[in-house]
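Below you will find one chain, with nothing else, as structure tokens; this is the form predicted alone, and questions on how it binds or moves follow later.
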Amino acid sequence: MAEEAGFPTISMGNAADRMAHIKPPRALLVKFARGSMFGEPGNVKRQRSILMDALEALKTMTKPGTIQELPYQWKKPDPK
């Protein structure tokens, strides 16, 4: 309903096939585990970057059904 009211929406996911099946108005793909669409816990800089990318995508993704993959990779913790 938000789209019909003029509020652009975006979904984030980690599986292109699921996003294609669900067909959100716009979708961003990230190579992260489910439930961690904004990155590693405590990585505020990365989380902010992904959030800003998502907000920018709301401006640039105008074609319905567009799916865009973000270039981020999950960072493994440093060995102790």
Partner chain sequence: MGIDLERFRIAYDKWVEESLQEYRAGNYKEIIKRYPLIVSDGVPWAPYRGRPSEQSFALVTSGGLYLKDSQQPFDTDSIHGDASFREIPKTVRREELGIAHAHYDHSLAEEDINTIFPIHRLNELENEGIVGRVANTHYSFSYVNDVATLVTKTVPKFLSRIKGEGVDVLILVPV
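Numbering follows the first chain given and starts at 1. Keep in mind the model is a prediction, meaning the values are calculated, not measured.
Here the subject shifts to the form predicted in complex with its partner chain, a form of this protein not shown in this document.
Chemist: Counting only heavy atoms and a 4.5 Å cut-off, does its partner chain in the predicted bound form sit next to every one of 31, 68 and 71?
Modeler: Contact check failed for every one of 31, 68 and 71.
Chemist: Could you tell me if residue 58 has a non-hydrogen atom within 4.5 Å of its partner chain in the predicted bound form?
Modeler: Answer yes; at least one heavy atom of residue 58 falls within 4.5 Å of its partner chain in the predicted bound form.
Chemist: Can you tell me if residue 10 lies within 4.5 angstroms of its partner chain in the predicted bound form, counting non-hydrogen atoms only?
Modeler: Taking the distances in the predicted bound form, the answer for residue 10 is yes, it comes within 4.5 Å of its partner chain.
Chemist: Taking its partner chain in the predicted bound form, which residues of 48 to 66 have any heavy atom within 4.5 Å of it?
Modeler: The stretch touches the partner through 48, 51, 52, 55, 58, 59, 61, 62, 63, 64, 65.
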